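To begin, one chain is listed below as structure tokens, in the form predicted alone.
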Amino acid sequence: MPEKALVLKAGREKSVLLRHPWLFSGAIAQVIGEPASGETVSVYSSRMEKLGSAAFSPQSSIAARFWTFDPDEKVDESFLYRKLQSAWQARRELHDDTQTTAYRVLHSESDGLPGLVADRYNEWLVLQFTSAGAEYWREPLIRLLQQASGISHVYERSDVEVRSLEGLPERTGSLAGGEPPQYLTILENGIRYQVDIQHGHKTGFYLDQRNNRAHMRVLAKDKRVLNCFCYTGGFSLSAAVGGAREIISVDSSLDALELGKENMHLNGLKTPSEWVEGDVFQVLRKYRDQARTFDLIVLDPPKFAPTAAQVERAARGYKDINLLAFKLLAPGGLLTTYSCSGGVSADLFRKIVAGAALDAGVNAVVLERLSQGEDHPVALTFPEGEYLKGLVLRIN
């Protein structure tokens, strides 16, 4: 047996045999040796059968994240490079760089490297290390990802609360290639956006909504559109390109709205547009009281429930905004509504929206179910990776 290992309690190897990458602390009977945070350990069943190798995280309830379920595979720089190269090549095959220059390069567990996210913005990579294991290998991962991608400019956005669960401080800053400009101009499905990778949401932009923004072009023709939680105008620009009659975009951030206006100008879009600074809940109530109506409403709120413990409070928020949106729709109007909360399942989200329609007194039908783009893949053995849920609904 190796010097550092985890031995599972009897009967607790089921999830491992199903190749789920997370191992919770309650499943561990014994820690052999004194592995450091993030160090690779072998994992054994209670019968001392080796099940694979994982990154140890002593401060997290997820005590280990599997690198490999092959008992004979060695976790080293060659292993990491193979994973990175495979992920990069898969993304290159997905995208036409003449139309799209920003996308996710590496999606953590779903690409076999738990706790590491890498997004491409033109000739910059933006990395996010969220697990002890990824942090342990951070320097080799940076270097190897540069080799696999051929991109030399690298910035870090590990400014996420989940790092505290791993006993890690938040970190941001340039890792290679100097400081990035204030804004990078990216291309997504032929539309140009200015992106702030240093201070913007997530790693700078909501890349996971790329396909859904493209679909907005089909839905928006000749419609009066209300885009809520609009950020820098992703859905608004797509609606304009799709021929919307008019667009109102609402967000609490004045800076985001100003950038949205600039993005509209950058693309030469002339659709009559209004950019409203305010709390979406309050703005929706004001529009309800004014008896305003819209043909198409977009609800793309921030994460209301990062964990299952916050689901009840989140459910109330989702129901409230969807109820208000249903009341604002003109007859035959469309609602595109999303949840990016990992703690809210697709089934629960549908039930919340159904309850909102019932309370609003409208009959709604589901036209489509939407999810994240293909550059944010979901491993069959890791359903938690499917965090973005969307519905396109029509009221009768």
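Counting begins at 1, following the sequence as shown. Predicted model only: the values in this text are computed from it and were never measured.
Note that the form predicted together with a small molecule isn't included here; everything after this is about it.
> Exactly one residue in 103, 124, 231, 326 has a non-hydrogen atom within 4.5 Å of the small molecule in the model of the complex; which is it?
Contact residue from the list: 231.
> Using heavy atoms only and a 4.5 Å cut-off, determine which of 201, 288, 74, 245 is in contact with the small molecule in the model of the complex.
Comparing distances to the small molecule in the model of the complex, the residue within 4.5 Å is 201.
> Honest question, do 206, 235 and 252 all end up within 4.5 Å of the small molecule in the model of the complex by heavy atom distance?
Every residue of the spot touches the small molecule in the model of the complex.
> Can you tell me which of 265 to 273, 137 to 145, 312 to 320, 280 to 288 lies within 4.5 Å of the small molecule in the model of the complex, counting heavy atoms only?
Only one stretch qualifies here: 280 to 288.
> Answer for residue 301 alone: is it within 4.5 Å of the small molecule in the model of the complex, judged on heavy atom distances?
Yes, residue 301 lies within 4.5 Å of the small molecule in the model of the complex.
> Any of the heavy atoms of residue 157 lying within 4.5 Å of the small molecule in the model of the complex?
Flag for residue 157 set to no.
> In the model of the complex, does residue 120 have a heavy atom within 4.5 Å of the small molecule?
No, no contact at 4.5 Å.
> Determine whether any heavy atom of residue 107 comes within 4.5 Å of a heavy atom of the small molecule in the model of the complex, and answer yes or no.
Residue 107: no, not in contact with the small molecule in the model of the complex.
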